[in-house]
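The chain below stands alone and is given in structure tokens; this is the form predicted on its own.
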Amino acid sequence: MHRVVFKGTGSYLPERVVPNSYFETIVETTDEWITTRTGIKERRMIASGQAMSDLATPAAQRALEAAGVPPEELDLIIIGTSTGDMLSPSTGCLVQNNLGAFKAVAFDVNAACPGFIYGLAVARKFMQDGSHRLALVVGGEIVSNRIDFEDRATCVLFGDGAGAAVLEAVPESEPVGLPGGLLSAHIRSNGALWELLYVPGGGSRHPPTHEMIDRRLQFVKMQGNEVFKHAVRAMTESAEQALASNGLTSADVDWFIPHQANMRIMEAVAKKLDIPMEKVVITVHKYGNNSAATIPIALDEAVREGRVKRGDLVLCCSFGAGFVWGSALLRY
């Protein structure tokens, strides 16, 4: 068996900053209303013509540079996203081409906001037997063109971005300078609740037509209060499962990186886990909810700022449309 260690991280955010004041001009809202209910002050959104691979590629390049790994040595590329460039091919294949990583098998994982955690879980399974030594896992999303700018409840929440990590499979018996790596990844689903958060249009159920556009089915539909309740419960339970399965408690956690959906959700989960907010990595105020990108972006920023150090125990958990949720516990 092999353990899976983190070699490096990277992230990329679009240059365009969209402050809360912008939404005051298009819907009935205020900066105070948005900040009080979400913790968000601004978010990043793509420029015209940008697609998911345009964010995932530079995030991946920065992770590879930090890891000291040439792209041609990669064995595996997994992109966690529900907003790929096209329905086909996968964004993974497009990123593989952009990087020149033609040795790697490449594909996407569509798991909404927990896409990065799902990607880690899948990569770990590929790597534990040693058949794939080096992997690139990206969590990225472009949500700004999936939100209805006439819907106050959703349009203020989301942004765009991508984060990445390079992983290496190391034999358990081999002494290395890197700490224990990805200790566990737990993922769960409950499709019975799909109608609480979904994008109905664009797939085979409602393919692109004038009628689909007229009915505004291409946009996110969400029952916010219900999502909030399920998110807090599922994220808490998943985080507790991660700690218990490794014989650890919340007191052992150095840093907690929850999905950056809403400040109130993060505070509620941290409180239930008995993790002080001083240990919570927070980016929602400046980037909003960029779905599968929130955790890898926050991890990369914390690493580059010197907060997350080698050997630190980092707990991550996320929740999203599906419903899907999961946790990852890592010794960075």
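Start at 1 with the first residue shown and count on from there. Predicted, not measured: the structure shown is a model, and the values here were computed from it.
Only in words, not in the display: the form predicted in complex with a small molecule, which the text now covers.
Undergrad: Answer for residue 144 alone: is it within 4.5 Å of the small molecule in the predicted complex, judged on heavy atom distances?
TA: No, residue 144 stays farther than 4.5 Å from the small molecule in the predicted complex.
Undergrad: I'd like to check something about residue 62: if you look in the predicted complex, is any of its heavy atoms closer than or equal to 4.5 Å to a heavy atom of the small molecule?
TA: Close contact is absent here: in the predicted complex, residue 62 is far from the small molecule, nothing within 4.5 Å, heavy atoms only.
Undergrad: So in the predicted complex, is the small molecule close enough to residue 307 to count as touching (4.5 Å, heavy atoms)?
TA: Result no; residue 307 lies far from the small molecule in the predicted complex.
Undergrad: In the predicted complex, does residue 303 have a heavy atom within 4.5 Å of the small molecule?
TA: Contact check for residue 303: no, nothing within 4.5 Å of the small molecule in the predicted complex.
Undergrad: Which one of 45, 52, 281, 265 is close to the small molecule in the predicted complex, taking close to mean a heavy atom within 4.5 Å?
TA: Spelling it out, the residue with a heavy atom inside the cut-off is 265.
Undergrad: Using a 4.5 Å cut on heavy atoms, which of 227, 170, 199, 193 is close to the small molecule in the predicted complex?
TA: Answer to the contact question: 227.
Undergrad: Is it true that 28, 38 and 153, all three, sit within 4.5 Å of the small molecule in the predicted complex, judged by heavy atoms?
TA: Yes.
Undergrad: Would you mind picking out the stretch of 211-219, 243-251, 257-265, 129-137 that comes within 4.5 angstroms of the small molecule in the predicted complex, counting non-hydrogen atoms?
TA: Selected stretch: 257-265.
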